[in-house]
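In structure tokens, one chain follows: the form predicted alone.
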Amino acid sequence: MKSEAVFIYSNQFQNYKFHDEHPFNQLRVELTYSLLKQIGVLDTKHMAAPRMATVEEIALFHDPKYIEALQLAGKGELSKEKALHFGIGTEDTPIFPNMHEASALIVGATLKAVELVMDGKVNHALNLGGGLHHGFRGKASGFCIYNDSAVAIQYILKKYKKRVLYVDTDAHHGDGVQWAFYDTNEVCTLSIHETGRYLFPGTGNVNERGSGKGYGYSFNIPVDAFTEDESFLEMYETSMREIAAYFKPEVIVTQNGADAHYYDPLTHLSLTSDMYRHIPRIAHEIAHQYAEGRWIAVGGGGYDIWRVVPRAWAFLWLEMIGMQDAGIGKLPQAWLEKWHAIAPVTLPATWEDPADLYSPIPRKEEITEKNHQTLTKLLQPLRQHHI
């Protein structure tokens, strides 16, 4: 019998590091790994090391000239002018040593996840180092150098010939992946994110529905600022179920940014840890319902690396292995003590957020109603199709 799930991990994910003050910090992967080890749900039988993606594999999506520029930049051999042309050397995506190699390992980790699932070794695979969804074919953007999900989906299409449903619950629009597959009906993309009115990258409107053969296979739900759990869950669950029924995917790829949480410093949504139990639960169900269990999950955004990301991402793994009850009640004392010494904030003591995490949102009814209207507008063509 095949294993239920595999956890792709390497401490070399830490090499993807811009600088000490940069908000993107892969220490969050280490924090999550440490938490899962501490509660006894992760051992060597569950784990696999990533591999380095080859230049040819990265070029399934990325422009070879861009790959070459990154190789040079990581050695300090690219001019500032050329770097800026490729979106690197900016405040968001500064150059760092060996940036090509660090990024290629993340792509390779997601490809390893794909291979283990698609070759029938496991049902589900998790690469928390991945989810760099803003990378474009020839340009870095929004902390993302190589777009591991776009490369992995191209790899699935080419090698395994399966239809892919890509679901992105990061607070920022999954623009790089959407545009990569905007004109194909082999990939369906669903992104639920904070409206781009005040948030990077400013895209992800309801009317971005795909083009040519891909028209009707791109779905976006831009939710209002200060959206809370109940409204977000309605958007997510309803859209997932109806889109999966329409598209009938053969593989599910989920991007699991944890930056829609109330504590996140870069966004304006108001989710709690409870929502991060529901997100993988529904993805898991859909994967078994339509895709013979084939589910590849990656990380993504998440900038409160201490109070939010470890719990949110741990729920993903607990869902994959059917041990959700291990994420209830108090967090392990040994984990709290280990990280308390270097955490700049007080760590939460429990898996659950307190009921009074934030003050009541004044416009709650208005926000909920607006989100509901957005959802209705998005799904109207599908619903008419079924009549």
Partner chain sequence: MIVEEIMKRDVITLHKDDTIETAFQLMNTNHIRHIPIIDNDNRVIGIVSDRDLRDSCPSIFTKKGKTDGINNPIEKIMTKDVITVHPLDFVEEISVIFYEKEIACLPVTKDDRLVGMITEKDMLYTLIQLTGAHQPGSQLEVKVENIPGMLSKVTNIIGKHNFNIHSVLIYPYPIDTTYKIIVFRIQTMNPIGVIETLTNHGYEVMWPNLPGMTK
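Since this is a predicted model, take the numbers as computed values, not measurements. Positions refer to the first chain, counted from 1.
Same protein, other form: the form predicted in complex with its partner chain, not shown, and the subject of what follows.
K.L.:
I'd like to know whether residue 323 contacts its partner chain in the predicted complex, with contact meaning heavy atoms within 4.5 angstroms.
P.N.:
So residue 323 does not count as contacting its partner chain.
K.L.:
Using a 4.5 angstroms cut-off on non-hydrogen atoms, would residue 141 count as touching its partner chain in the predicted complex?
P.N.:
Looking in the predicted complex, residue contacts with its partner chain include residue 141, since a heavy atom lies within 4.5 Å.
K.L.:
I'd like to know if residue 213 sits close to its partner chain in the predicted complex, meaning any non-hydrogen atom pair within 4.5 angstroms.
P.N.:
It does not: once its partner chain is placed as it appears in the predicted complex, residue 213 has no heavy atom within 4.5 Å of it.
K.L.:
My question is simply whether residue 277 lines the interface with its partner chain in the predicted complex - judged by any non-hydrogen atom within 4.5 Å.
P.N.:
The answer is no: residue 277 has no heavy atom within 4.5 Å of its partner chain.
K.L.:
Under a 4.5 angstroms heavy atom criterion, identify the one residue in 246, 303, 290, 182 near its partner chain in the predicted complex.
P.N.:
Looking at the other structure, the residue within range turns out to be 303.
K.L.:
Considering its partner chain in the predicted complex, which of 124, 193, 311, 134 comes within 4.5 Å of it through any heavy atom?
P.N.:
Partner contact (heavy atom, 4.5 Å) among the options: 134.
K.L.:
For the chain shown here without its partner, which stretch in 183 to 191, 264 to 272, 247 to 255, 67 to 75 has non-hydrogen atoms within 4.5 angstroms of its partner chain in the predicted complex?
P.N.:
Result of the contact check: 264 to 272.
K.L.:
Heavy atom within 4.5 Å of its partner chain in the predicted complex: which residues of 147 to 183 qualify?
P.N.:
If the 4.5 Å heavy-atom criterion is applied to its partner chain in the predicted complex, 147 to 183 yields 172, 175.
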